[in-house]
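Before any questions on binding or motion, here is one chain by itself as structure tokens, the form predicted on its own.
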């Protein structure tokens, strides 16, 4: 337990509802930090798999050469003892290193041998991502107690296996490892990588320039090496006759977790939130409670962070907890107050939706809807202080009036700019306003 981060839970919300009010919103901030900071590498067992698209299209624009450099960079930052493998993906996956179906421990020798094997890769064939994931899943199966992470790189559409096969593979892999995905170039599909990374609790980004892959792979692997605990669950209790309407991750990116709920007891639901190192994330909960009279107080939700047992220690552990409290009042000033953090994240969730809906309308030729939704996105990006999204929107629309969101669609937009805006629409910024002291904290 001494090597695990210390977790804390902080709740930000307005606990006051008007008489008869039922809907309560809260932001749950989860923080994890090891004693003495993040300088000490975690002692936890870890497993890493690097999956490189080696389909024929990777021969163009220097993508294959860049992918090799990136894979070598990732291998070189694996800490000693971490189990790893490198997979080449085409119509069928094959193990680049090791050559038999297993993971090997990282050492100076195995890192060198893996880099040599990666250097001999060439590109040929098609793209069948589901089969690549299933191979990774088999490799991870013998290491359930380890922190399991994979990196996936592709440059194209998953066109050599039916969509149901990919979904079947995602269902089989879900909960077994975390995967971060990267799309290089402009011939891959944003919704497809979003589907894959979402199902496997990771993130995805576009890499328009292959030259940027090496630094990106190194950073992803270093982040994975900093994880100290796997398979953390956000457990939420709600009272009888209450409804947990949604649970969303808001920082570092918008991810709706509502549909991932697994019942874990009376009035309890578990939501998987992946592996953790020294970091913090924020979640948005919306609870509908039975209407109360003025002066009544109750607990609207009870949040816990839980990790499952291992083969050595089968008992699950509660890492931290916090309460979402509610009180009914006839003081209008109290009941109408909007918590700053709730408002900020509500705006960020709407921003992601407005961008995705606007871009989809633009692709379908519906200029009126595209203009309206992207104009709304311009306003929201300013309100939440997301300067990166504002800059990307400027490449897609001409802003006529920022305050009202009056925009005009640009006549010519590069595919790379459109994909960057779509990909990064869910990437959020932390609130810059002071939401006031937390209403409840626990550890």
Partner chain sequence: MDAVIGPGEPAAACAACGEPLTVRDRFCEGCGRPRTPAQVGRPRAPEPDGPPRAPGPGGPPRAAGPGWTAPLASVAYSAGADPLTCADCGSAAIGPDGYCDTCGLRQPSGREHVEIEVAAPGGAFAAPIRAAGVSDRGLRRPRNEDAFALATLADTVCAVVCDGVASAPGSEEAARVAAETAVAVLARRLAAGADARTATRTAASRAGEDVAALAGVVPAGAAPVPDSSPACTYVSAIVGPGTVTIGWIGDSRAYWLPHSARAPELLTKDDSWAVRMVARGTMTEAAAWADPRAHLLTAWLGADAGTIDPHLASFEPAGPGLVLICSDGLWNDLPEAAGLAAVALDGPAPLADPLAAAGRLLRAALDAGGHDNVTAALIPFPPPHPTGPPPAAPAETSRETRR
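Residue numbers count along the first chain shown, from 1. Everything quoted here is computed from the prediction, not taken from an experiment.
From this point on, the text means the form predicted together with the partner chain, which you will not see here.
Heavy atoms of every residue among 296, 321 and 325 are located within 4.5 Å of the partner chain in the predicted bound form.
Proximity to the partner chain in the predicted bound form, taken as heavy atoms within 4.5 Å, picks out 233 to 241 from the listed stretches 97 to 105, 193 to 201, 233 to 241, 337 to 345. Of the residues given (310, 267, 76, 174), 267 alone sits with a heavy atom within 4.5 Å of the partner chain in the predicted bound form. With the partner removed from view, the residue among 188, 283, 302, 140 that has a non-hydrogen atom within 4.5 Å of the partner chain in the predicted bound form turns out to be 302.
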